[in-house]
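Below you'll find only one chain, the form predicted on its own, shown as structure tokens.
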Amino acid sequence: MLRLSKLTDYATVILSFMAREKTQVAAMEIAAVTGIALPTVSKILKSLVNAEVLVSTRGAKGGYALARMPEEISVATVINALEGPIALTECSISHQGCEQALGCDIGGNWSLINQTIHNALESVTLADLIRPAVLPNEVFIPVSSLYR
């Protein structure tokens, strides 16, 4: 099963709140509104600042704000900030970590799958996350539409 960590899940909650607020907010306020513990909020905010998703201002009137418009922050960027590069298999990042690299005939196919998932996550933005969800009964995504 492909699964993101709780920190990444919490990061989407925090960023969604911040995108709706559209103002600078303090870590304590984020913790109070989202129900996420302050130490966890602080850790996530630090990672998002380091990834240049957020900007921080120090001082009594300090806080955190989005570094860009919600339409310009992709889910892939958020995942990368908290989890590192998006990769389904070790060979999607590097052949150095795989003992089977020399005899593997499907490494390129894993790269194709990995790139397709990355493109899909890159196509969803923070602005998409804060829109009310309207889901049809079935969702069909043609694979060819995910290539750029």
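One-based numbering along the sequence shown. Please read these numbers as outputs of a predicted model, since none were measured by experiment.
There is another form of this protein, the form predicted together with the DNA, and it is not shown here; the text below is about that form.
At the 4.5 Å threshold, heavy atoms of K43 reach the DNA in the model of the complex. The closest non-hydrogen atom of T57 lies within 4.5 Å of the DNA in the model of the complex.
In the model of the complex, the DNA lies within 4.5 Å of some heavy atom of Y10. The DNA is not shown here, but in the model of the complex it comes within 4.5 Å of a heavy atom of V49. Of the candidates A37, M69, L88, L112, A37 is the one whose heavy atoms come within 4.5 Å of the DNA in the model of the complex; the others do not.
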